[in-house]
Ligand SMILES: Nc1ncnc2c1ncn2[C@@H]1O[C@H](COP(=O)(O)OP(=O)(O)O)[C@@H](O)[C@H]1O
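The chain that follows stands alone, in the form predicted alone, written as structure tokens.
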């Protein structure tokens, strides 16, 4: 278009060919910055939309409020007591009803129950992802709502069925459990989690990128990285939620060996459908439809074994 108009002006004698060439050169130099500005505007609009979503989330009232006079907490004995705890979600359906039990420091607690029994809800209340509508949960004889929320949640190491890994290196994913950890501490945690050998077999070792949600490593490798993260955190409480449900038998053996070391000296809550792993628990909690059906002590090994057998038949 510009060339056509310029040619008309040259033919009419208003400008020379040299002046037309200069104008075309200037226009060519202008197009680049204009295109960059257009691309930047698109990016800015997208960023503004994302920022609005972030700020709307930050402006929401927290689901779990912290008391103004909450006390800090770092290390604890590990005694937990539920006292007539009731909880319902927003739909009004009761998830847990009249839950009462006591866990001594260092005990291993197995949680049994069919799907929807309230196992995950129980763990969410313990870690203060929600607060009960009535009743209370005590840690070392003090209501957990009296503690600073960040300090309290930092007492828990968590290993989930689907580990959450970030799109960064293996070392950084392990160090997430303890920001500022040294390379030696990261390697020691990986060895304890039976992860060191497979990490060293990777091309970049501990600097290997795991990809989005850890998709560059296998399920068993993701689980062992998650275990290493729990080792390096060294928290007094441990939550294990179906840690071996998505791995093969060989990998399960390596993971269970690492979990055995990880549970030593920690108050542990274990949710699993692989009932053989519950035989080493000190306490079994059987939940069904939000109610605590039975509490079985590990001090009664025959009773514990019979309970596991009965639950196997129930699942069959």
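None of these values were measured; they are calculated from a predicted model. Positions refer to the first chain, counted from 1.
The following text describes the form predicted in complex with this ligand, which does not appear among the structures shown.
>> Is residue 115 part of the interface with this ligand in the predicted complex - any heavy atom within 4.5 Å?
In response: Residue 115 belongs to the contact set for this ligand.
>> When the contact criterion is heavy atoms within 4.5 Å, does residue 89 count as touching this ligand in the predicted complex?
In response: Yes, residue 89 is a contact residue.
> Would residue 95 show up as a contact with this ligand in the predicted complex if we use heavy atoms at 4.5 Å?
Replying inline: Contact check for residue 95: yes, within 4.5 Å of this ligand in the predicted complex.
>> Within 4.5 Å, heavy atoms only: does residue 119 come near this ligand in the predicted complex?
In response: Yes.
>> For the interface check, one of 210-218, 145-153, 120-128, 225-233 should have non-hydrogen atoms within 4.5 Å of this ligand in the predicted complex; which one?
In response: Only one stretch passes the 4.5 Å heavy-atom test: 120-128.
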